[in-house]
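A single chain, nothing else alongside it, follows as C-alpha cells in the form predicted on its own.
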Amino acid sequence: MEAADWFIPRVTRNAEVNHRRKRKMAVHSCSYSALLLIICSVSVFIFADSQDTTLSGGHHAAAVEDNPQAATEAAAKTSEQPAVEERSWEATEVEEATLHEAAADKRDTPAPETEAPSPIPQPKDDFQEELVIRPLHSGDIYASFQFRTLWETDFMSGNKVSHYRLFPKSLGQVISKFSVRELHISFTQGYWRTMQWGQPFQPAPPGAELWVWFQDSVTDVDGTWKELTNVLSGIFCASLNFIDSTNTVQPSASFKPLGIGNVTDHRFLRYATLPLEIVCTENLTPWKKLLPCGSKAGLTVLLKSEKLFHSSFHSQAVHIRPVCQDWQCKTTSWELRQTLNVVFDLHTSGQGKREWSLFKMFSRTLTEACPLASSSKIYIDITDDPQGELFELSPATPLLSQAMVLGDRRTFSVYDLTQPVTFGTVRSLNLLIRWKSSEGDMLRPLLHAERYVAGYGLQTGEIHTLMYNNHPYRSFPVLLLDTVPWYLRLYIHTLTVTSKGKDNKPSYIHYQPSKDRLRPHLLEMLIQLPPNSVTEVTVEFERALLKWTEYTPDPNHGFYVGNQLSCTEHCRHGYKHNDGSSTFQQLERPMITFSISPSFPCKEESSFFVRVYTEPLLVNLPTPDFSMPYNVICLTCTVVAVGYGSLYNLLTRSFQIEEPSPGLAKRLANIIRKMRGVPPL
C-alpha cells in the first residue's frame, strides 16, 4: 500500500513532464513553420522584383533600339546627376514641409477651404557703415568711422527679446535689465586741438565719459547706476567700476534726451567722467565685436590697433537711443551708433611727406563691403579743394554729395563699396591723397574754450576758464557745466565772469555744493558770449588735506580734475511733431550730418548746437613726505637691533675662563713624562 502511494505521485510527475515537452515541441514546430512561410514570401517577392527588372530592362533596350535620340537625352540627364545631388537639401526641406502639412491636414480634417494662418512678421533691422576722411590744413588727416544699427523692436514694453540678428545681444540685455532709455559712452586717448583741426564730428573729452537716461519706472536710480557701470566695465574692459558717488553728478540743464520723447526729468539722468582712463587695445576689441561683421569684412578691416593707437588722437564711442522709423513716428526703433575718430599726424609716419593712402593709414586696403550692410560708403571732404589745386585724389569718382556740417556747406567725393565698379579690376580699393600745395586758409572755429589753474603754494588756487567767440557780429548763449572734486573746496562767492573787461552776469546759475568723500561740486551757468570776444570765468578754491590712505600710488604726479563742458542752445535735426519731439531724417547724405551730438545746423542762417570740452586739469595737493615713514622705520629697526640685541646677549650669554694653551716644547715634555710614568709639568 505504501509502495502504491509512492508510485502514484511519481507517475503524475512523469505525465506532467511529458506534457510540457509536447507543448515545447509544438511551439518550436509553429515557429519553424512561420519562419519557413516568411522565407518563402521573401523569395517570391525577390523573384517577382527580378522579373520586373528584367522586363523593364527589356523594354528599355527595345526603346533604345527604337529611339536612339531618347537614349542620348537619358544619358545627358544621367550626367547631370551630381548637380541634382548638390541641390538635394532644398528638395529635402520641401519634402519635410510637405510631410508636416500632410500630417496637419490629417489631424485637422475639416473643410478643405481652411487657410493657414499668416506668419508673424519678424522685427526689422538695418545696418549702415561709412568712413569720412577730411584732409586738414596742418597736413594731418582726420578719419571718422560711423556704424549705425537700427532695430524695430521695443525694449520698454517688458517683453523679453530672445532673438538678435544685427543688434548686439549684450547691449540689448543691458537695456532691458536696467531700463535704459538712452546710453552714451566714449573712450578717448589724446586731446582734440580745436585751433589746429577745427570742430570734430563727435566731440568727446579725454578719458572716459558716460551719461545715461533711465526710464521713469526705475525706483532706485543710484543703485541701478552703480550696477550698470559695473556691467559696462566688464563689456568694454574698462575701469568704469571706479565710477561712484564722488564723481557722479545729476545735471539740471546741460543735457536733454537725444531720442524721441519729451520727458526731461533730470532725476533719471546720471553723468560721470574718468579723465585718467587709458584707452588701448583691450577696449577696442570688445567695441569691434559689437559690430555685425566684426573685423572680418567691410570698413572694420581698417581698424588695426597698432595703427589706430599710433596717432595723435583716438576716440571711440557707443550711443543708444530710441528714434522714429518714419515721418509720422508711428513706429519706433532702437538706434545703436558706434563711432571711431582718429587723427594721423604727418610726422608720426616717419616720412614727413604730405601724402596719405588707406594702406599708409591703416596698413590695409578694402576689398568688399560688409555683406550685412545695406549701405557702405566712403566720403572724402573736398570742400577746401573743389578744383583739385591743393591735393589730388586717386582714384577719382564722379559721385559727389553736399551737406551742412558744422555751419558750413561741405562737398564730398563718394565711393560706394556696394558697387563692384568701385574696386576696379584688381578688386581692391586704396584711396590716395597727395598734396600739391601747402597753401590755404585755415578756418577758425566759432567757439573754443580752454582752462588752467593759477596761483602759488599748495593751500589755495584759482581755476580760469577762457571761452572764445570768433563770430564777427553774433553772440552765442553758452551753457557751462563744471564738475569739481570734493577735495577742491570752491569759494563760490569769488565767482566772476568778465567779457571785454566788463562783468558778464550769468542769466542762470545752478550750484550744488560738495560733501566730503560723498559727492563733487556741480556748477551750471548760462552765459551770453558777445561777438568777437573772450569771456573769462574765475573761481577760487582751497585744497583739502587727504587721509594718507586716500592718496594714489604716485601722489606727487597730481590729481586730475575732469574737463569742463560748454554747449550752445539746441537746434534739432529733423522735423518736430505736435509733441515737440525730434526725429532722425532719412536722407542720402553722410551720417555725420545726423550725429548723436547735434553739432550741425538746421539751416545756413540758424544757430547750431556745439559741445566743446576743455582739457582736464592736473592739480597738486598737499602731500606728506611719504619717505619719512620709511626713514623712521629704518632708524627704529637699527636702534632695536643694536640696543635690544646687545642687552639680550648680555642677559643670556654664559662666560667661561679659558687657560692659554701650552707651547710645543711643554707638550712634548708632557708626552715623554707620561710615557715614563712621571706626572706632567
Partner chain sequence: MQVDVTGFKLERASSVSGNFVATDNNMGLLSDPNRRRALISLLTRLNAPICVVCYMAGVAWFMGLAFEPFTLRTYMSENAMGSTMVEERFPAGEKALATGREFAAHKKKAGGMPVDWLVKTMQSRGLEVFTQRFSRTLPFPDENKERYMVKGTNVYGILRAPRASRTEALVLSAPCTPGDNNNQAVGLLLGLAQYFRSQVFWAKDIIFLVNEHDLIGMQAWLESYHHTNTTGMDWSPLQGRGGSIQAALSLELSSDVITSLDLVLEGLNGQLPNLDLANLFYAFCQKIGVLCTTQGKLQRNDWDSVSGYSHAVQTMMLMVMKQASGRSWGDHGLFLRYHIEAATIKGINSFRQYKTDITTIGRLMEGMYRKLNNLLERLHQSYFFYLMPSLSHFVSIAPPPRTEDGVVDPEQMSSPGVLSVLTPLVISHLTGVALYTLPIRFQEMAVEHFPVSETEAVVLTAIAAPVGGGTEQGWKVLKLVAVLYLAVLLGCTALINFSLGFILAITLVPVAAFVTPHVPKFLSAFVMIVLSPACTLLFSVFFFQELQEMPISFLDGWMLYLSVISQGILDHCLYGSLVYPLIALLVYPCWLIFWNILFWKFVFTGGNVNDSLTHWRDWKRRGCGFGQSAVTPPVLGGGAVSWGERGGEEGALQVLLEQLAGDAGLPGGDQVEVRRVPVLLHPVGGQRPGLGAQALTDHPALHPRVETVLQKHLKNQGVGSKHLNPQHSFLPSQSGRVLRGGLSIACFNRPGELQAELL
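Quantities reported herein were computed from a predicted structural model and do not represent experimental measurements. Residue numbers count along the first chain shown, from 1.
Omitted here: the form predicted in complex with its partner chain. The next part is about that form.
J.: Taking 4.5 angstroms as the heavy atom distance cut-off, pick the stretch from 549-557, 162-170, 427-435, 222-230 that is near its partner chain in the model of the complex.
T.: The contacting stretch here is 549-557.
J.: Quick one: from Asp244, Glu536, Asp416, Glu392, grab the residue that has a heavy atom within 4.5 Å of its partner chain in the model of the complex.
T.: Looking at Asp244, Glu536, Asp416, Glu392 one by one, just Glu536 meets the 4.5 Å heavy-atom criterion.
J.: Counting any non-hydrogen atom inside 4.5 Å, which residue from Pro200, Pro520, Pro206, Gly298 sits next to its partner chain in the model of the complex?
T.: Looking at Pro200, Pro520, Pro206, Gly298 one by one, just Pro206 meets the 4.5 Å heavy-atom criterion.
J.: Contact with its partner chain in the model of the complex for Tyr191, defined as at least one heavy atom pair within 4.5 Å: yes or no?
T.: Yes, Tyr191 is a contact residue.
J.: Could you confirm whether Pro513 comes within 4.5 Å of its partner chain in the model of the complex, counting heavy atoms only?
T.: Contact check for Pro513: no, nothing within 4.5 Å of its partner chain in the model of the complex.
J.: Decide whether Gln250 counts as a contact residue for its partner chain in the model of the complex under a heavy atom distance cut-off of 4.5 Å.
T.: Heavy-atom contact with its partner chain at 4.5 Å: absent for Gln250.
J.: Even though the partner isn't displayed, in the model of the complex is Phe313 close enough to its partner chain, meaning a heavy atom within 4.5 Å?
T.: Although its partner chain is absent here, Phe313 would touch it in the model of the complex, with heavy atoms inside 4.5 Å.
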